[in-house]
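We begin with a single chain expressed as structure tokens, specifically the form predicted on its own.
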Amino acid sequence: MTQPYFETPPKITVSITATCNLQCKHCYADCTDKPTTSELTTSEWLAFIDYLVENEFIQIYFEGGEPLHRPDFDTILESCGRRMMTLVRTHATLLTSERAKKWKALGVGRLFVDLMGATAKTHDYFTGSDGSFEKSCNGIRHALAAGIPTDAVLILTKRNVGELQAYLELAHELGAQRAGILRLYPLGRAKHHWKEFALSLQEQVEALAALRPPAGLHVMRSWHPNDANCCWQAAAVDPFGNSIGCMYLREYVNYGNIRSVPFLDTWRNDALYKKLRAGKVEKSCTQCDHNEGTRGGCRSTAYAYTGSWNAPDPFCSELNEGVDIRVLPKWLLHDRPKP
């Protein structure tokens, strides 16, 4: 199968802020409650969105931090909601009924709402905020009532694996069309809680195999045989304007800053960015290859565990080769300076 490629990316992920009203124990962005002066300004984001539209991007996916924690986020949404397919990932604790209706009018096409478990005890433990579970559930209800298609998403950990079936039932009860189950990535605060949160690959595979989704609920998951190497299509910008390819690469790469380098120049000219999009890997899984026609699985986890961009993804059961994913390489635990 021929490796797919784009001459220019059709979609992009934007981490609109590194701030949040919660303090989640496994936050990949290691968010603060107040922004730093290095975050892009409103005018810089609006100019970048104009640039994306002019260059025929068709989809923008906002995440954070928490997008709703940024005071100008509705202004930013208004600039793109009717010009590109607009998706938002949020924990929805700040999403009111009125705000949801406004987002529908602004053209938001889909929400992805993070739930940390199926119970208030588990969810609020992760967020460090009592009552956040009910607020997130209400956020899903508000979005669906406003007519915005909404999916629940959960990051699988040792703390919530026992609630996985209950999570699917909760998502279905709330009215979500889809429920995502995501792997835990060694980024931000998550890597410093790794021993507490990380499951073995076998434990993850067994937990997923035991699930019985409610009728009508689609379950999204990326484990074998669905391990895609999505670098071929990935484009992303962090809150400080850095082109990083994918949010799961946020601590590992920097292809250039959009304040000084046009984004598409980073896509076309950065040697590592082009290497990762080429999809050349040491080994690949025949079954997983059928997902997008890509090979080798996630480059972020491959690099995190081996230090090699060409290595197999250890989260794929066919490529793991005995790697204990509950144990992180020591170099990952040394925090790098923030931009």
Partner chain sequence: MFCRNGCYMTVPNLRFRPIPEMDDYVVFTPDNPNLYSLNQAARLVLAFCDGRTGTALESAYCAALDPLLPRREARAELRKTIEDLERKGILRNTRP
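Here the structure is a predicted model, which is why all the values come from computation and not from measurement. Positions refer to the first chain, counted from 1.
The form predicted in complex with its partner chain is left out here; the points below concern that form.
55 is the sole member of 286, 55, 36, 308 with a non-hydrogen atom lying within 4.5 angstroms of its partner chain in the predicted bound form. Checking 262, 188, 109, 214 for any heavy atom within 4.5 Å of its partner chain in the predicted bound form turns up a single hit: 109. Though the partner is left out of this view, residue 84 does reach within 4.5 Å of its partner chain in the predicted bound form, counting heavy atoms only.
Taking the partner from elsewhere, residue 59 is found to have a heavy atom lying within 4.5 Å of its partner chain in the predicted bound form. At a distance threshold of 4.5 angstroms between non-hydrogen atoms, residue 232 is in contact with its partner chain in the predicted bound form. Contact check for residue 10: a non-hydrogen atom falls within 4.5 Å of its partner chain in the predicted bound form.
You can rule out all but one of 253 to 261, 84 to 92, 154 to 162, 191 to 199: in the predicted bound form, only 84 to 92 has residues with a heavy atom within 4.5 Å of its partner chain.
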